[in-house]
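Alright, two takes on the same chain below, each alone as structure tokens: structure 1 and structure 2.
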Structure 1
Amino acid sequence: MQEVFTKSMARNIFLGSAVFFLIIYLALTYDTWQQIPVRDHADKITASVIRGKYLVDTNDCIGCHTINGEGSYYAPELDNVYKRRGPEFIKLWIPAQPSGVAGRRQMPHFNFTPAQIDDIVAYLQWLSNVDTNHWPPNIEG
């Protein structure tokens, strides 16, 4: 004999599933919020880091670069540029743009002062220490 699937059974399955997944969502949200203070290193944010982030944001660096997976993939990502290149390279690279090398993508010249470049480097240093749980993934292999 075939069992009848009633409207109340469908409602109960829907409501039970909704509650179950709501509980999972809340548990994962709680776990994420517990990990943020350990991962973001907010205690290491200085005035220089704030000024550097402001410069990066107001000059639309994510129009070409990516930061934490956000932005454009035209130019190198900035999450680990401090670790890859180091502060001295960055301090020389930014004011030397555009490089004028034929066939290469060119970064515009922003007329940053040495103090502003130091602030950008401070921001990039802080950014390189944020634990993003390996996000974005390395798509280059």
Structure 2
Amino acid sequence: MQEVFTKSMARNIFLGSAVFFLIIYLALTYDTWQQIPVRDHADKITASVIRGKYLVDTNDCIGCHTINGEGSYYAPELDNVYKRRGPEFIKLWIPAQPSGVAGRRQMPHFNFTPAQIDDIVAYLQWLSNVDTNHWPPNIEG
């Protein structure tokens, strides 16, 4: 009875499903790629936003924070921090770190110039307008 379903049949099912579902995924990805610039307002990715993103990446912000829920769970969500705190708060908050409060989680001091902080805020503002299917559930992120 073992021979009714042979190894080569099993291998063909594996290879066939691999190719079939890969093609489906690639087709969906092509469609997603067309939709993303509309959903995230790619036309608003200015030079300042790009510089801000580069600072966020090269200072490993997601090593503590999350962006759209991705990153680390040590510090608050950044996707909607622009709406939660507002630009003025963020501009004062970043250079004031670390707080030095005993036992409280500390954010490093990054020595950003005021222009660099403006770029980070521009990036966070762009981020807060991405259509994320109504996530996070509320302003607290």
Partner chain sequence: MKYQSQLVAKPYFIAALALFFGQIVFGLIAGMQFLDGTFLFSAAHFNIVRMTHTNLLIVWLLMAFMGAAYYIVPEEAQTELYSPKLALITFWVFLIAAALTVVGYLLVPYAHLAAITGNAIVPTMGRGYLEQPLPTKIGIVLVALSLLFNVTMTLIKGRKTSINLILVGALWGLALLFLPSFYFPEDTVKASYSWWWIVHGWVEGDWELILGALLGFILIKMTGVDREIVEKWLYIIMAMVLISGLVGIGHHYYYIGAPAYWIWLGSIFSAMEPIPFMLLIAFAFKMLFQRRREHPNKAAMLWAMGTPIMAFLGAGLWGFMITLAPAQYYIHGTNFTAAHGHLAFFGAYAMVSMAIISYAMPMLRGREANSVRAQHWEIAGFWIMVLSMIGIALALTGAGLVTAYLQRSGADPLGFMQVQDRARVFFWGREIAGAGFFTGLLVYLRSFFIQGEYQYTAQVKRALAT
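Here the rigid core means the biggest group of C-alpha atoms that line up within 1.5 Å when the two forms are laid on top of each other. This is a predicted model, so every value here is computed, not measured. Numbering runs along the sequence of structure 1, starting at 1.
Participant: Which of the two structures shown, 1 or 2, corresponds to the form predicted on its own?
Facilitator: Pick structure 1; the other is not the form predicted on its own.
Participant: Two rigid parts rotate relative to each other between structure 1 and structure 2; which of 103, 111, 38, 58 lies at the hinge?
Facilitator: For the motion described, the hinge option is 38.
Participant: Could you let me know the angle, in degrees, that the smaller of the two rigid parts turns against the larger between structure 1 and structure 2?
Facilitator: Turning angle of the smaller piece versus the larger: 32 degrees.
Participant: Mind pulling the C-alpha shift for residue 21 between structure 1 and structure 2, with the rigid core superposed, in Å?
Facilitator: Value for residue 21 between structure 1 and structure 2: 7.5 Å of C-alpha shift.
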